[in-house]
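Below you will find one chain, with nothing else, as structure tokens; this is the form predicted alone, and questions on how it binds or moves follow later.
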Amino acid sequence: MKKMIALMLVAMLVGIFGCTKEPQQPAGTETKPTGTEPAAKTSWMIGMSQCNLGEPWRVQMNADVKAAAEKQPELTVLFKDAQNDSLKQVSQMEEYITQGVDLIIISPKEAAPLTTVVAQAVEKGIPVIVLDRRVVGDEYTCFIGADNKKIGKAAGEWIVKKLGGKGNVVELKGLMTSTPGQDRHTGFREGIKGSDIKIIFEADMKWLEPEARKEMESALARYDNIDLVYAHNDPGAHGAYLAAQAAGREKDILFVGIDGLAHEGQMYVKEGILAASFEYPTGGKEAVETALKILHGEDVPKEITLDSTVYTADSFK
């Protein structure tokens, strides 16, 4: 009897102390003290969506993003090239969203086709910096770019002064379904308003030098008197120059472009190929700086406007 009572007491003690034992943690997990916050994130993945790397200016934009990001060890940037295809760029944006990157920088091919997917990223909590070309509406985190309309107007006013208020001009337009093309056109027309400048030929060369050369060949075949070519980018102006050179007429025509890259527009001005190149900064450095602020939880402006400079032969004296 005494033996049975002793066994019962032992069993009761085991039960009591067994109930108060700390629960076992699964392997590989840690117990966090009550009330502590998770550790702050120290590294981020950025997705860069470039509409087209067939243009030197866009190659430079990617290079500027890469150079700025390499100075920030906490940043990793993935790059995708849509190869001038809006549907491909939408698909690549969807891949970034599915992948769950921390932030997206996009330079859209066209405004309307990319608007919805940019809004989708924002809705899913992924900040989006729209660089250079706009989307429709304001469903993005920040837009960074120069004022294309202002640059186009400045080009128009410079051309009026250069030609003494009159002359025959060819306008080779960038992709007119893109906002820079539209703004560089409308700004230019504002700049020449009230003068006797005549636009005798205009065509959409889609930002591409070969297209610009082909369109300029058509203009040269139709018109014996062309005073100046205004192209929406420097490759377009250079393509027009090559067409005129092949026809033996390059010395009779002035060529003006936009972009002002050191190894392109500025170089063409130094060599006497272009009369002027209006700078359009890539914004790559500014995009990375803004991305860092966003990722660190800082407020940023909805719009950041970049400054522009005009390069002429006088700039290099």
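Throughout, we count residues from 1 along the sequence that is shown. Since we're looking at a predicted model, the values are computed, not measured.
Beyond the structure shown, there is the form predicted together with a small molecule, which is absent from this document and is the topic of what follows.
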item: Stretch in contact, per heavy atom within 4.5 angstroms of the small molecule in the predicted complex, of 249-257, 63-71, 49-57, 284-292; value: 49-57
item: is_contact(Tyr280, the small molecule) in the predicted complex, heavy atom dist at most 4.5 Å; value: yes
item: 4.5 Å heavy atom contact, Asp183 to the small molecule in the predicted complex; value: no
item: Heavy atom of Glu171 within 4.5 Å of the small molecule in the predicted complex; value: no
item: The small molecule contact in the predicted complex: Asp132, any heavy atom under 4.5 Å; value: yes
